[in-house]
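Coming up is one lone chain in structure tokens, specifically the form predicted on its own.
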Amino acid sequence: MAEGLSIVRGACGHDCPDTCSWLVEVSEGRARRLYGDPSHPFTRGTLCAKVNHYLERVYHPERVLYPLRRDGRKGEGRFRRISWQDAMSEIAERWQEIISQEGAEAILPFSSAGNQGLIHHSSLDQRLGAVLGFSRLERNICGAVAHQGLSATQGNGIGINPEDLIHSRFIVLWGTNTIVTNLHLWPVILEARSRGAKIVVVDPVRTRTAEAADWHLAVRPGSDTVLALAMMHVIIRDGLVDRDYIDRHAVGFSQLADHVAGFSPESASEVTGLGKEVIERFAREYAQAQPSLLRPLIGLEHHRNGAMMFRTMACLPILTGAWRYRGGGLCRSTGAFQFSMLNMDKLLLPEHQRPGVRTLNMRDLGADLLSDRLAPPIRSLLVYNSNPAVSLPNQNLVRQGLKRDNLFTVVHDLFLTDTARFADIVLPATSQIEHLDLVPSWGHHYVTMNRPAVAPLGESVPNTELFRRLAAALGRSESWLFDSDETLLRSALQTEHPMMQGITYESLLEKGYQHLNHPEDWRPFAEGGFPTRSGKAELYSESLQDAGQDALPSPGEIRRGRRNQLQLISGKTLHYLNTGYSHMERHSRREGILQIRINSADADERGLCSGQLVRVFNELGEVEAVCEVSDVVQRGVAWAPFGGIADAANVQRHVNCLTPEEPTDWGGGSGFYDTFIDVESIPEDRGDRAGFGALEDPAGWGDDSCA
């Protein structure tokens, strides 16, 4: 090691299942190099196309390093520098005025998964909001729908260890573009293939992962439940069920068998767009090739029937007994699993929560900001770990709400995001290499400590320090509102959970990361043990019936647009993470202008061709985009990237101006993918295409969009 050079262990805090372990080389107080930890069994020394250049983000010249006050109209993005003392005094004065006039519920802290470190995602912010009685936020736009859908069948969202996919022999990547959005799982899948596994992708779009798979089933958007029901029809009809497993570990088999008799492959073919023979073959191969594994992530839950999709899918490994085998069953997010092992009560102190305080769904922010029935109205918004002006549905409504003159908005972020441009006060936030945190993963079974590698740049502070300063400015004196980051982490690690034994603050500081403490051959439901009301997997669910939902798996509400409308699917790309990295020239150059992909038959009907500037619109809004004609998108479907896309004039264009905030069947999510659009050409003299680039990898589209 060069003289004066130190290496600091850390972990990526982005909203991504890979939760990479990284190493930062530091000299003279500056991070010189950041790279994947070669010793980490999942990271394997590699980072994604975005995080490979994370230090450019840390040291970017446009980073916010000092508190700012708005100096112009909301949305203009004009600010002037102020001191932290002035910022805290102004926030405290405005909040105290609002509390005296409207009550504390008129203040809404708004955050999401922009930082997924344990204490910078949820800790002192929750404590302060609880004791003051701020409106609570239901942060269920991603994850909760899938979790509740799975729980309706199996009692929770637990799946197998993702590294155990190497033991699988039939892997179904259902609604996930693994190569783009879960890069480090792909080598595990390739190893499984080398051992004889077949890789199947179920996705409306022929993504990069679908291209690399052994078989791609281009199902129509939203019809996944019908496909799963038809698979069950074949599995039961052909005697491919594991009766011993069902008899011992499930309830409701006879009701399910009678129910799915009405979902023949012939009838399902009309709904799904898949041939009868394809459905028959898929069902038989899935049931007979054990261990078989279903791998869904985020894409499915962004339909109106998203929870029912997961509830229905979860019945398949019950019928086949796939949970018996190592590498069999289902594998989704490991996030809730890891958080359940931590002492979250010790961290969040829910005993200080004021009773009766309202909860608002983040999905409905635009409507809530403009509501004349919400009592009290939202008078102040504190935004951190989020960019709601882009990431929420019905973007135009959200932005209209953010423009309210009587809304006092504070944003804590690294950059002047779309939301920050509407703020009254902008406060500088630290990057991941500038603060301490513990980073549980939602894509593997390692817990990782993130150590600060360099001092905070400028006057930036982490989320925890922001809330300590807010508590002081508001005159609070409770000691637990001022706990240090180390104290907070130690509190969460004070757990008796057997899988966390031996994982301590000290051991994580020393080792950097540790694997959950469970047997190597860990099969969560091999012998049943489902945490449902009945104690068994519920193919028929009385709990759902009591909640007013279908007791049996059902198609749910499958949306279709007006005649000739296209269904819009949006997804992540290689170089953007939602809106993150969109300001960086390296990444914006590779992604280019907003493009929309449509099938050649749909293009012919509209007289469109590749490279043409088009108007994409519906009743909620419109954007201009460059058309790309490609048969990797099936007829009736359009695909566009989600995230921060800027054109040559630096005008932001986002597909969420087209998406409705319609709720999912249950779970509190939003049907982003039940968006229907029209596309028409724009005269050449209306658009200046100078400087517009094309997407670097037309097949590398993701569909695991998260807010």
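Don't overthink the numbering: it's just position in the shown sequence, from 1. This one's a predicted model, so the numbers in the text were calculated from it and none came from an experiment.
The same protein also has a form predicted in complex with a small molecule, omitted here; what follows describes it.
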| query | Which one of these stretches, 38 to 46, 654 to 662, 63 to 71, 24 to 32, sits within 4.5 Å of the small molecule in the model of the complex when only heavy atoms are counted? | reply | 654 to 662
| task | Only one of 231, 293, 297, 307 comes within 4.5 Å of the small molecule in the model of the complex by heavy atoms, so just point that one out. | result | 297
| field | Position in contact with the small molecule when the complex is considered in the model of the complex, options 338, 387, 333, 595, heavy atoms within 4.5 Å | value | 387
| task | Determine whether any heavy atom of residue 435 comes within 4.5 Å of a heavy atom of the small molecule in the model of the complex, and answer yes or no. | result | yes
| request: Check whether residue 57 has any heavy atom within 4.5 Å of a heavy atom of the small molecule in the model of the complex, and answer yes or no. | output: yes
| message | When the contact criterion is heavy atoms within 4.5 Å, does residue 203 count as touching the small molecule in the model of the complex? | response | yes
| task | Find out whether any non-hydrogen atom of residue 142 is located within 4.5 angstroms of the small molecule in the model of the complex, and reply yes or no. | result | yes
| Has each of 164, 324 and 532 got a heavy atom lying within 4.5 angstroms of the small molecule in the model of the complex? | no
